[in-house]
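We begin with a single chain expressed as structure tokens, specifically the form predicted on its own.
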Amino acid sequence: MNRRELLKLLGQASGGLIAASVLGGCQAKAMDLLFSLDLNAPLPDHLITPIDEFYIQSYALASQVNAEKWKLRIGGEVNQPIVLTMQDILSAPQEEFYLTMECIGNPAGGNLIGNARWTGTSLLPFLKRAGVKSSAIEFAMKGADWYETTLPVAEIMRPDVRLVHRMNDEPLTAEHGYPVRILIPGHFGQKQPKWIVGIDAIAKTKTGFWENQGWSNTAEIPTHSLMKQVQDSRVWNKQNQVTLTRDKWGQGVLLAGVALDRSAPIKTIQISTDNGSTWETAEQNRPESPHEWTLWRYPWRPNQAGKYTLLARATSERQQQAIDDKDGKDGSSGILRIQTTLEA
């Protein structure tokens, strides 16, 4: 079964997570409404995805790791290999931060995305302690499930790459990487192994599991917006048709969603209610970090019944989102078309 076939199967399980015995791919369930219909209420600074609604990416069954016995080995092209324990992680300076994760297999408008408040510590001091040699060009990262992926040395030696052990003020669950996972801002979840047990500096390039299946080797998040709500209906790629009776649309319709980029702030969100012929600017919040999703909403005030095609487009300081994206293996940046019927 390839990843696309698995994602199709997962999409059919919208009422909940499919059995964990299915290997690979990303899993998610339909979530509650994101935004209040009260437009007088300000957009929140942060919107947190509950852990039980946060998508799950799995290469294999969730690993059962004993935190007291867990060890992270940093080796390869280093001056002094080191082994970290859970106490080393907890004794290091701790940071709390918001970061949005998304599966590289998330289709346009899909549910395989979530935002959490994470707690952990920077990886960089540990790498400096090991002393990365000039011969190293990549780091190979391995999870307790034997999942492996790689990124260039410069990407992993950023101060904001962290080893995290808490999610939404709770210890990581087994499904989300207990006891420790790595978070690398700007990349899809494919590049952020759970249950991390090994980080090796290597002198030759190497590709990991999903990369060997044809998925992007950089897995960088493009500029993109996702419409998530039309009035009181949640929308996503498997639920992109909405019908509203006049009592639901006569006084206006709330359109709302999120936007994300790998490294640059989102400048504007534009909304089209006529399949891209014209665009209007939505209201948005301004998160401190570009690695946390931007929230947006737009009060649509239709004046007649009929059929409408709704689109949301993001523009960051790097680029503007394309309407269509033909390459599905580098992370979809395409726009989901929401087919909406307003009844007379």
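The shown structure was predicted, so the numbers you read here are calculated from the model rather than taken from an experiment. Residue numbers here begin at 1 and follow the sequence given.
One more form of this protein should be noted, the form predicted in complex with a small molecule, which is absent from this view; the next part is about it.
Heavy atoms of Thr294 never reach within 4.5 Å of the small molecule in the predicted complex, leaving it off the interface. In the predicted complex, the small molecule lies within 4.5 Å of some heavy atom of Trp210. Remark: Phe54 counts among the residues lining the small molecule in the predicted complex, judged by a heavy atom distance of 4.5 Å or less. Although the partner is absent here, Met101 is a contact residue: one of its heavy atoms lies within 4.5 angstroms of the small molecule in the predicted complex. Of the listed positions (Thr119, Gln190, Ser272, Asn115), a single one reaches within 4.5 angstroms of the small molecule by any non-hydrogen atom in the predicted complex, namely Gln190. Only one segment in the set 199-207, 121-129, 74-82, 145-153 has any non-hydrogen atom within 4.5 angstroms of the small molecule in the predicted complex, and it is 145-153.
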